[in-house]
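Read the single chain below, which is given as structure tokens and is the form predicted on its own.
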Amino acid sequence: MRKYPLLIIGGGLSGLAAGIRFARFGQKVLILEKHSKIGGLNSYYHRQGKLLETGLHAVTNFARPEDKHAPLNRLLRQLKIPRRNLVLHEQIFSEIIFPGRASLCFSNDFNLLLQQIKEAFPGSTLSFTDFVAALDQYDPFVLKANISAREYVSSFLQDELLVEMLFCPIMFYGSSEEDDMDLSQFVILFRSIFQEGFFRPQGTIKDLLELLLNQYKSFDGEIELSAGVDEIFTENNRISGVRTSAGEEILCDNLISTAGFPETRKLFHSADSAKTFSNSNAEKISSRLSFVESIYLLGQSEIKYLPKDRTIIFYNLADKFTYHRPIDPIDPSSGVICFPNNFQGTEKDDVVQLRVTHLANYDAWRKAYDNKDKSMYRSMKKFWMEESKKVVGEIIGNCIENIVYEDSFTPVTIERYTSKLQGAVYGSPDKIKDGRTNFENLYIAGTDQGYLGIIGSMLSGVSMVNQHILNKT
């Protein structure tokens, strides 16, 4: 029977980062990935001769090489990946649009957002400066009770429209809670989106994943694909090992799960073990949020009509920005429109990709998918994608009528390919901020630990290894 000092459930970004960090010290570690390729929520597939990415719009937390304390550069040092090995393409600029009311542009230069607020909300200039100064002093990584971000932000900014516009990209890019979020989560996202900014590494998500996988293997890290975990075994308040989907039992000294809190709980078949695990501090799994995302490939005739300088557009058409599971299968009144080709220095292509994201109702899509008449799901998908296109046309103009290829992912698709229950890409609303569980050698990393974004996800895996495992070996 095999035994490892560390087993990791999940070969996504968090699991790979945790594996690299542990393996680089000569320790044996095995990653078990349920699917046939690595990446988890950030993966890829091929259509029409093109590589299409899932999950990745843009990476947050851009930093210059000389900023040694920035999250991106700290992460690379932990993974022993030289910064010179990465070519990064910054965003051109992005925009928050509430049509007929206001627009705010921002880039990786925070001064642009400051100037935009000064022009669009002159009465809020000083209060916004005070607000940013307060956030700069706030440490989101110190464990503390949850604080309402909306209440905190509104105590500085009295203009409700400005508050809504700031929350729009922040919530779409990381909030697992409906209409509000914990202040610590807000601060992390505010810094990573507005103060640091968006970028893409050169190439595709496949290139980034291969870089991480090769680094992991260079330290003799082991990984098995199509190797899900069916059960977690316990003994004397410790994890003793797992049983894989192939029926093999593998023992371990420590276990990191990047699958998510409720997803990990399902792996305890013993009622007592499940109850012990469930006494952790992440019990609120209702009101889980998911999305529908569409990918469009547009031919040369349509490219000339697309915005050339916007990287991402966050929009809201309703009177008030709301962020919760919609009644309808999707809510096209707000969303994210991403132009993956619009980053500085990226190569131009004869086919341009456009990605559109909306909040979605998991139950509606699940019911349609489970219906014996499979055409119900397909028809619902087609109808709501057309509704989405109409709204996108209002925002960027009717330039997506001639589409070379299109595909859409519903919450059911996300659940199927990532194992995230209800397609909840941002996990449970309550985070296990220190990663600890009631089992002394089981730790949660990734979305349900609380670090956000691609860089945050990888830092989560690294942090769990640093804080809880390396100091014991």
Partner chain sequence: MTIDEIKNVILEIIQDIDDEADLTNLDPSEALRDQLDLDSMDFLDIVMELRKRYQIQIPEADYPQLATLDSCVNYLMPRLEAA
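Numbering follows the first chain given and starts at 1. Quick caveat, the model's predicted, so the values are computed rather than measured.
Below, we turn to the form predicted together with the partner chain, even though it does not appear here.
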property	result
Sole residue of 127, 353, 78, 184 within 4.5 Å of the partner chain in the model of the complex, by heavy atom	78
Contact assignment for the partner chain in the model of the complex, among 348, 308, 320, 84, heavy atom within 4.5 Å	84
Contact segment among 63-71, 420-428, 441-449, 38-46, judged by heavy atoms lying within 4.5 Å of the partner chain in the model of the complex	63-71
Close approach of residue 457 to the partner chain in the model of the complex, 4.5 Å, heavy atom	no
Partner contact for residue 27 in the model of the complex: the partner chain, 4.5 angstroms, heavy atom	yes
Partner contacts for 437-464, taking the partner chain in the model of the complex and a 4.5 Å heavy atom cut-off	459, 462, 463
